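For this one, two forms of the same chain are given in structure tokens, first as structure 1 and then as structure 2.
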Structure 1
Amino acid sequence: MSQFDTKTRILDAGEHLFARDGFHNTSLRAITSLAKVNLAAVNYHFGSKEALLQAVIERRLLPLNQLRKKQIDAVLAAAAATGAAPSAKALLRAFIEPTLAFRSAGPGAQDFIALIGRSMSEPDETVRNCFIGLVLPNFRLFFESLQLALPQLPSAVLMARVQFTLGAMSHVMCTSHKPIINDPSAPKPLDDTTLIEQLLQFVTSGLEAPQ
């Protein structure tokens, strides 16, 4: 029953509307109306609008982070077993694939991915911190692992290239099957699986580029 209780319905509605309209452009009234619950229910169950956003993000990001960590650890362990350095592409896959593949988990998941894709460039600091605080440990592990894979790159250069990677990734996350620049003369977009492989190929080549 939990998927039909008040708290979950609020989380689902918040996820959808925050993703579609942005945090500041979404009112509690719109959320409670979509969730078919009373206006006061948000403050009763979550305390405030901002705490609701935090709950929306945590619900899915905590498991996602665990999965990413597990996959990165697996790549590191496999490399350590052979004594070789981990491959950059395997690390990129461990970081990127769980995130983007998660979109297929359903329409709510798709909303969520768009929401956190946009959180990276969110102007409001309190909103951005809701997301960054949860991702930072994961990101540190990812960056340190990449240093093992690409030891020849100065760390400032590697960091810049990782930021380019995050940018490409978050841009894809924001666009749920529709390109940001929606030109009628544009070619038909790739399916999600192909898109992920293309992204991996793109950022691997970029990260491994000569200086």
Structure 2
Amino acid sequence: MSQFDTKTRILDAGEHLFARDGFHNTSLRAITSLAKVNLAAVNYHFGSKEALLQAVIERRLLPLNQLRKKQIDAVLAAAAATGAAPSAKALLRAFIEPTLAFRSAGPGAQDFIALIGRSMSEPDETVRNCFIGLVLPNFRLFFESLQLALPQLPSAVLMARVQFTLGAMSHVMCTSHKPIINDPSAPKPLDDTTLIEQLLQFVTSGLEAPQ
């Protein structure tokens, strides 16, 4: 087995177990057993369970951050070229569309979504702090860009509305493939393209609403 394969197996195992059992309830022994490697391999590639957690989150989040930044920068550049304020809806699309598309990013994507979702409700802050530290620069760019798009809104109001937006996005990330209620008569979930458009319509209206 190559070093790349070993490292990937450890990352996959850590991601799955952290999502299923929680960071503190997952032992390195459980990770090495699932990954079919020895403890020395974990120490060699990562050094500690905390460093493994950091690597698990970076593996998924950094490429997503880069894509969102690229798309936000493109919206800002297009607005600057015309001398106009950026479009709030275009900025929301730049941030939300890649995030929702991540759900279909391949094996492990659902484990990662579950891991981050779990971290937001658990009292322990280890995973949450790691995630927030990595996402913060991206979020600041997003928020500052929205301030350019919606200068009439006080910062505190805009921040609250962005929190509502992120809440709606997170809910869609975790539940959109399931009916809201377990009722055979309930409508089937929307396809991904329609779902994204409906979410954008919904959050844009809320974000741009008068105070």
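The first residue in the sequence of structure 1 is number 1, and each one after it adds one. Note that the rigid core is defined as the largest set of C-alphas that superpose within 1.5 Å between two forms. Quantities reported herein were computed from a predicted structural model and do not represent experimental measurements.
S.K.: So which is the form predicted on its own here, 1 or 2?
M.R.: It is structure 2; that copy is the form predicted on its own.
S.K.: Please say whether, between structures 1 and 2, the C-alpha of residue 44 moves by 2 Å or more once the core is aligned.
M.R.: Passes the 2 Å threshold, so yes.
S.K.: Please state whether residue 19 has a C-alpha shift of 2 Å or more between structures 1 and 2, with the rigid core used for the fit.
M.R.: Yes, residue 19 moves 2 Å or more.
S.K.: Establish whether a shift of 2 Å or more occurs at the C-alpha of residue 28 between structures 1 and 2, with the two forms superposed on the rigid core.
M.R.: It does, since the residue 28 C-alpha is displaced 2 Å or more between structures 1 and 2 after the core fit.
S.K.: What does the CA of residue 118 shift by between structures 1 and 2 after fitting on the core? Give it in Å to one decimal.
M.R.: Spelling it out: core superposed, C-alpha of residue 118 shifted, distance 4.6 Å.
S.K.: When the rigid core is overlaid, by how much has the CA of residue 10 moved between structures 1 and 2, in Å to one decimal?
M.R.: Shift of residue 10 at C-alpha, rigid core superposed: 3.3 Å.
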